[in-house]
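The data below hold one chain only, encoded as structure tokens and taken in the form predicted alone.
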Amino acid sequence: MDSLRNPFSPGAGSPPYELAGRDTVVNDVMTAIRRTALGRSSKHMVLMGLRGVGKTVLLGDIRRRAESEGQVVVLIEAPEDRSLPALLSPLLRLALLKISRTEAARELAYRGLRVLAGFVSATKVKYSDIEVTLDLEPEQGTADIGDLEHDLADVIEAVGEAAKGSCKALVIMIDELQYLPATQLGPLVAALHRCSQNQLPVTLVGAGLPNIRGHLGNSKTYAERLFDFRSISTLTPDATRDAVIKPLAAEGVGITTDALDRIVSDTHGYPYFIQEFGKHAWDVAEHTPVTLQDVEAAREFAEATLDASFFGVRFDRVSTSEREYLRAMAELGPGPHQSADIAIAMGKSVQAVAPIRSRLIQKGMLWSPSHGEVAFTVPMFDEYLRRIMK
């Protein structure tokens, strides 16, 4: 079949043809955004789940929907080596410039830009990675004292006032939320709390690994009352079938029942894996319908691609001792596992391997479902490790 017509799109955040099985969470987030725009109380939304379940895709879909309704959206990814002020400042500037096009909110937007100028000037002393510059006279005494918790609340409040004047919501979207250090996550939560108290139309839609609930709870004692946490997991078998059948049908291609069942079984309902298997099944098939033989032949290509990209890029980030820890986990199965059992498998004490465990959690390779437990953040990573570390 024509590879140019292949309807599957494996990739980091690439939107699939069919966003199957996610209607409820998308509708709930959009309802929260719309309530915020109307000045009604609503919790901030956090999507949490393992790698490959489609959190970034969901953020992208929600962003498009919110922008189509006229909301002011800023979307950032929180990498491990950039500060929140550096990521947020240029996007808040763009948000204020958009709001300034609304005549009723123009003065509030210009005030917001002056407050942002003071924030950038004061914050650059501590966060040298801030690159944005604003050729404006800062508003004295607002967001300029050099304390992130106080200043960030001031600047987001100023943007929220401008958004309110334009009858829109400011939607701050942050992917990989777990990478924000506590010293920056706490001030962000405090800023959102102030906006909620002042009934300003500011809301956060975040996405992160399952440990993000604990990070937010540790940042501020009231954090869990501000957020609605939604677990994003695998697709049901029916939703997995929809994610395969509908893109194929749009191109006039069918698939046999046994072939479809094999994709459901092999992918375990992980959206990223579904896209990868679907892509290679299309490439292997010579004509419609896609058969079980096509899917079986495609599995080798899909697995090799996942090993080189989805799994491999993460494995390349870890040290020799960290690989030994991961390998010991893999021998125990998919997990979660007791830290003590992993230490025993390595022939070491729990205390000796604790720093390795901490580094792997910090790198986003592992997370702790409960005290003394650890699990992979990457689905089927144990199978990958057993394949390559023989």
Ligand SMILES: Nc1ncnc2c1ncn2[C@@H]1O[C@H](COP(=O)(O)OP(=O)(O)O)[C@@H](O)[C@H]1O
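In this text, all values refer to a predicted model and were calculated from it rather than measured experimentally. A residue's number is simply how far along the shown sequence it sits, counting from 1.
The protein also exists as the form predicted together with the ligand; that form is not presented, and the subsequent description refers to it.
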property: Stretch in contact, per heavy atom within 4.5 angstroms of the ligand in the predicted complex, of 70 to 78, 131 to 139, 271 to 279, 184 to 192; result: 271 to 279
property: One residue of 326, 53, 365, 29 in contact with the ligand, assessed in the predicted complex (non-hydrogen atom, 4.5 angstroms); result: 53
property: In the predicted complex, residue 62 touching the ligand (heavy atom, 4.5 Å); result: no
property: Contact of residue 12 with the ligand in the predicted complex (heavy atom, 4.5 Å); result: yes
property: In the predicted complex, residue 382 touching the ligand (heavy atom, 4.5 Å); result: no
property: Partner contact for residue 243 in the predicted complex: the ligand, 4.5 angstroms, heavy atom; result: yes
property: Members of 222 to 237 lying within 4.5 angstroms of the ligand, judged by heavy atom, in the predicted complex; result: 235
